[in-house]
Structure formats: C-alpha cells, structure tokens
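The chain below stands alone, shown as structure tokens; this is the form predicted alone.
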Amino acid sequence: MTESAWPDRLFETIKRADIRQVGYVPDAGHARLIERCKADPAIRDVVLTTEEEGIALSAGAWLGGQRAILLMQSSGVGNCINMLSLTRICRFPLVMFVTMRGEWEEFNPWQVPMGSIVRPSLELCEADVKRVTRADDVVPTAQAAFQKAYGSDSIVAVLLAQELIGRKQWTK
C-alpha cells in the first residue's frame, strides 16, 4: 500500500465495521479520512470543539445502538484524560485514532511534551494502545481495534505515528 493510500483503506475498514458516527477536531493528519467521512451520507460527521466531547459522542452513539469513533491529534489526548473515566465506569466501547505529533521531524516544540506521554497516559486510563508506523499495518490494526473494543466494551487507541502521516508543513 502506498503511504498516501492508507486513509482511504482505513475509511473502507471503518465502513465495514459499521461505524455510523465520527467525531473529530479538524487535523491535517486526518484530513483525507475526514473528507471521506463527510462525503458519506451513512456517516454522521461531528466537528468537536474539544476532543473530550468525542467520548460523550461515543457513549451516546452506543446507547442509541450505533458505533462511533474519535479522530484526534496527540495533543488532544490530554484534553480527554478526565472524561475517559466515563468509559471506564460505564464500560462502553471507545475507539480512537490518534495522529501523533512531537515525534519524527517535529518542527513545533510545543507538541513534544504531550506527544511523549500519549501512550502511558492512555494506558493508565486502561486503554489498549496500538502504534502504527507502516501504511500496510493500518487496516489490520484498525480491524483488531474494532474487534477488541466492540467485543469487550473497552477502550482502544490506535496511534498513527508521525512518520506515517508525514512531516507537517508549516504554512504562513
């Protein structure tokens, strides 16, 4: 799979998993995936003002008989920590796809602190964390995430490494 094809392949995997709601804060790393979700009438795309709202969106979707996912950047994980207690206590499935910052070729030093603690922070919240660095691993990792989360009402976070999404270009 080419590096640029993984968002389209991930979208197809999302469709096969019957995901009906997608919450996100706009992010360049998820731009193609968000574009595909917005264009699909079977998916309700929800622009969030903060990532923690996506956890509530996922809870509501599950209570209403639908599946949802949350798309965010690694800096947004810090915004979710307190709200992840809702998932732990109420035991509903939560799947997050997190584009990583603060890693490979990062130009913005403000992204480094949160980027360096995403995995341990999520693990402390009882999330099963998977990291993807190669385009060929996106689909099988997403499939496993859906199976685990929806099969056991658990939290699964898929970290999409910065080398996978590419170096963010600073524009003026």
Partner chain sequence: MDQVKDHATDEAMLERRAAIAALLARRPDDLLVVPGLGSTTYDLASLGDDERNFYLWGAMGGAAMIGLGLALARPDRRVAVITGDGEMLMGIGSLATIALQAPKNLAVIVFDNRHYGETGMQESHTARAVDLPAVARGCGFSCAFDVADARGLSDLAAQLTGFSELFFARVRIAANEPPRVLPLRDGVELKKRFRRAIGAG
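Numbering follows the first chain given and starts at 1. Please read these numbers as outputs of a predicted model, since none were measured by experiment.
If you look for the form predicted in complex with the partner chain, you will not find it shown, but the lines that follow are about it.
- Just one of 145, 127, 132, 61 comes within 4.5 Å of the partner chain in the predicted complex, counting any heavy atom, and that one is 61.
- Screening 163, 12, 153, 18 for any heavy atom within 4.5 Å of the partner chain in the predicted complex leaves a single hit, 153.
- Not one of 8, 26 and 40 comes within 4.5 Å of the partner chain in the predicted complex, counting any heavy atom.
- Heavy atoms of residue 46 reach within 4.5 Å of the partner chain in the predicted complex, making it an interface residue.
- Although the partner is absent from this view, residue 90 contacts the partner chain in the predicted complex, with a non-hydrogen atom inside 4.5 angstroms.
- In the predicted complex, the partner chain stays beyond 4.5 Å of every heavy atom belonging to residue 31.
- For residue 137, no non-hydrogen atom is located within 4.5 Å of the partner chain in the predicted complex, even though that partner is not displayed.
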